[in-house]
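Just the one chain here, the form predicted alone, laid out as structure tokens.
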Amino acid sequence: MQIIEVHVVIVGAGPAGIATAGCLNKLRISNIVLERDDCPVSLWRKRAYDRLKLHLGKDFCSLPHYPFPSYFPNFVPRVDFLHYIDSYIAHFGIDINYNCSVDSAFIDQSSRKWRLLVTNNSSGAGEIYEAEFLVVASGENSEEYIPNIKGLESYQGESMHCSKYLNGREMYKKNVLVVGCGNSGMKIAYDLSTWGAYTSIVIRSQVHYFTKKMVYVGMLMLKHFTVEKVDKIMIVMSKLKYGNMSKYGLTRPKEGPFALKIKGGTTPTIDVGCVKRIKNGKIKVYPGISSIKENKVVKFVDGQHAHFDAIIFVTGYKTNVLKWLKDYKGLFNENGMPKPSYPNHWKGKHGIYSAGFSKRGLEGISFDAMKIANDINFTLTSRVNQITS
């Protein structure tokens, strides 16, 4: 097979891969993006619910060197975000090879370059790419994650990961359980309730909840005040707005929302109306699931049990890096995540980089993309200077 040589190969055409390619193109460094699907940002395009919006204001979510249009709303809806991505690709002339699944990537011992064995899903043909630099941009959200729950395999109702959920049109008058209380879990529970479903939500852990305006103000305050001070203000605002929600099954963590985000990437939950519906009894809260019984009965850890026609798992995703990246130990751990912690997570040994693994959303992706492109540019420029001096 012919070997396709390029300075940089980027695996994944999500926001991280596209942002990195855009930064490289701005510096005129040749690169190619390999994407297993037939479109960019397939998670947003094919596996996202209708009501999805960016969780943070657009000022904190644009990709490098290309702000959102001024006429976009502050919290950008899914369709507008897809238009923005398409415009970004066109503006920077990003080269993406679609339907290309990377079977393996390793360091070739003779050339000391990265060699990628790729299957073209359209033709079934094999392809080989060789590059000095490899950017792993397949992201934290490569594969759906559903927890292992006793009895789930024999559940007779409808169960799905949230990537299959579009809206609650077909759930009218059905008993539906949403598992997960992050931003997407709360939004899907709210959406189901507005469509007339008898909605319940599993909230296992403590959670911070704010309006989108509160979070936006908090993000602005972080530019001028310490995290500790901003967190105190945020919690006061939340208490004034919502009161004590512990009797409804919602308790706040002791640690502040932005401190938690910095520590582990846990984003504060932005309430779109779900909390009010919990308060007035339209959405019921349950603790963790213990097991699933016959006749569509779900048993919870506190001994309660209830009948559900459908279960929607809003339980996140996991990385697939270790399935194809053979020489991963220079950067990734056994869980497929970078070994170094933020902000040093983006660079490994032997020309390998990670983009989109910081657990800091689009703002973290922009950080990664610019760091990677500038580092590669520095390496190439230094080499030219050595040759010419």
Ligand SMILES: O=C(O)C(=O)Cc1c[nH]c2ccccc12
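In this text, residue numbers run from 1 along the sequence as written. This is a predicted model, so every value here is computed, not measured.
From this point on, the text means the form predicted in complex with this ligand, which you will not see here.
Task: Heavy atom within 4.5 Å of this ligand in the model of the complex - the one residue of 197, 250, 131, 270 that qualifies - done: It is 270 that has a heavy atom within 4.5 Å of the partner.
- [ ] With this ligand left out of view, choose which of 360, 65, 339, 58 has a non-hydrogen atom within 4.5 angstroms of it in the model of the complex.
- [x] For this set of options, the contacting one is 360.
- [ ] Using heavy atoms and a 4.5 Å cut-off, decide whether 215, 258 and 261 all contact this ligand in the model of the complex.
- [x] Yes, each of 215, 258 and 261 comes within 4.5 Å of this ligand in the model of the complex.
TODO: May I ask you to state whether residue 297 is within 4.5 Å of this ligand in the model of the complex, using heavy atom distances?
DONE: Residue 297: no, not in contact with this ligand in the model of the complex.
Task: Contact test in the model of the complex: residue 89 vs this ligand, heavy atoms, 4.5 Å - done: Residue 89: no, not in contact with this ligand in the model of the complex.
- [ ] Although this ligand is absent from this view, report whether residue 219 comes within 4.5 Å of it in the model of the complex, heavy atoms only.
- [x] Yes, contact at 4.5 Å.
Open item on the list: For the interface check, one of 23 to 31, 49 to 57, 329 to 337, 65 to 73 should have non-hydrogen atoms within 4.5 Å of this ligand in the model of the complex; which one?
Closed with: Looking at the other structure, the answer is 49 to 57.
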